[in-house]
Every structure is written in structure tokens, then in C-alpha cells.
Ligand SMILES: C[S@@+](CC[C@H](N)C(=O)[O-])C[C@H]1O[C@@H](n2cnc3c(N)ncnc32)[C@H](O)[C@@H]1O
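Only one chain is included here, represented as C-alpha cells and corresponding to the form predicted alone.
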Amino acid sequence: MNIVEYRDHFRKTLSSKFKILEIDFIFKSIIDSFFKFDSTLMALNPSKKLSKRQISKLNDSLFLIKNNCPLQYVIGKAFFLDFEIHVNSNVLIPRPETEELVLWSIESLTNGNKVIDLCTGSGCIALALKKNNPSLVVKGLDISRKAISLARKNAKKLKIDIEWLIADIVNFKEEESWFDLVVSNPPYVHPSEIINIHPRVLNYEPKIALLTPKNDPIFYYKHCIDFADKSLKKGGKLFLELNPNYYKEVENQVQNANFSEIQIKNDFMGKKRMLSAVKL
């Protein structure tokens, strides 16, 4: 089978799930990632024969895509802002909303600031902050050893020096009044919201990084806020990515702690997605 024939097979198999432009993008992403085939290959050499190994790899990828596996997990990488990171099913796939959170938090940072990213996952937030300003002292924390292992891999790939911590935010303690900025995109999907989640997310992305306890939709926010209350310097800032359905509850929680100048910011979709506050 040549490459155009397989592309047509790819189109036919996925035609009920995606538009043709989306299918072609997925196919090109896969052949580039796995075989380093240039995007012009099909135009310049449409009769290029695929090896048995290549066809087997494409068959495996097609099966995963057909069964709602995210493309990023299939090819093992994702883009975040201006760089590429490794991802797998142990970490969330970075979202554009999180990019907005990073860009907003960057505005508050100055040279030499001490920063911690709680529930770091792939490390994308911590890496982006340090990449933007190498003078920062940055830590990334996650309860998952597998997530931290991947974050370390991403830091090594990008040649960025970050201290990675394996710990549970529920009982994690650091030096008091040490950080200039605490940032987090914690688990914030309440189980009641599962009905609205695409199978591509629910079946493949790690539930430990997605879901809150049934009895407390802002459970992880509470612990992030409590940590920030104890560990931020006076005048230090807290940045959180929000579940728009519970933004008011999170805002109230911050108001009841030692913070002022609370701001809620909308994302590119107009949803209340980000919060910042200043430690008193």
C-alpha cells in the first residue's frame, strides 16, 4: 500500500467522526511524528510505498483515533505556547485556557522570584514560566510519580532547571512566606459534570487530574488556597485556573483567607476561567 492509498483509508475510516480537513491534519501529524515524513510528501511522491512496520504503526494509530484516543496521546506530544512537550495518559493534555493563565501570571513576575506550580502534571505551567524568565526559582508539585517522571523528561528535553516534588497538596507544607507566586490548575471537574465531558477526555485523560470528590467541588482549590495563604510572601500572588461553574465558591474561599485585590478573568470563550489574588 502506498501513502496516498493509506491516507484514503484513513479518511474513509474516520469520515463519520471528523471533517476531512481534520482527518488530513491527524494523518499528517502521525506520519510526521512517527516517520518524519514531510507534509509535502503526498504531493511530491504519492506512490511512496509503506513498509509493513509503518502500516502496522498506522493501523494501531487509526484504531486509537477511531476509539476517541486524543491525537496528542497517540503521537506522545503536545504544544504549549511556543514549545513542545511529551504527554501521555498519566497527565492532562495542555489546554489553551491554561496558556492564558500562564500569560497572565507572567505579568506579575520579576527576576529572581520564587514560584511553585501545584498539581503540575506534565509540568507545562512551571516550564513555561521558567522558559520565559530563566532567573526564576521554580518548583513543580504533583501527587503522581508518573506525572513527575514525565515532567522531568520535559524539563530535560527543554534544558530547563526546575525542582520537581512528589507530594499530596492536601498535606504538603513548605517554608512559610517563601514564595512570590503560587499557581495551579488543580482537578476541578465535579463528577456531576461527567455527562458533559467528551469520551476523548473521560476515557483517556487521568481522572486523578480531572475529578474532585463528590461531596466537595472545590476540594483542591481549598488546599491550594490554604497552602498559598501560609507560603506566599506578603504581596505575593496566587493564580488559579477555575471551573466556571464554581468560580464564585472559589472566590469566596479566597476572600475568607488572607488575600486582597481578587480578580476574575474570562478566557477566550468568555467563561470565568482564571483568578488572581494578592497575599495580605
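In this text, residue numbers run from 1 along the sequence as written. If you're wondering where the values come from, they're calculated on a predicted model, not measured in any experiment.
The form predicted together with this ligand exists for this protein as well; it is not shown, and the discussion that follows is about that form.
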Joint contact, I116, A155 and I162 to this ligand in the predicted bound form, by non-hydrogen atom at 4.5 Å: no
Partner-contacting position among I75, I143, L81, I106 - heavy atom within 4.5 Å of this ligand in the predicted bound form: I143
Candidate from A151, V182, I125, V138 lying within 4.5 Å of this ligand in the predicted bound form - any heavy atom: I125
Stretch from 106-114, 130-138, 90-98, 193-201 whose residues place a heavy atom within 4.5 Å of this ligand in the predicted bound form: 90-98
Non-hydrogen atom contact I169 with this ligand in the predicted bound form at 4.5 angstroms: yes
Close approach of F227 to this ligand in the predicted bound form, 4.5 Å, heavy atom: no
Y247, heavy atom within 4.5 angstroms of this ligand in the predicted bound form: no
Touches this ligand in the predicted bound form: Y220 (any heavy atom, 4.5 Å): yes
Residues within 4.5 Å of this ligand in the predicted bound form, restricted to 240-275 and counted by heavy atom: none
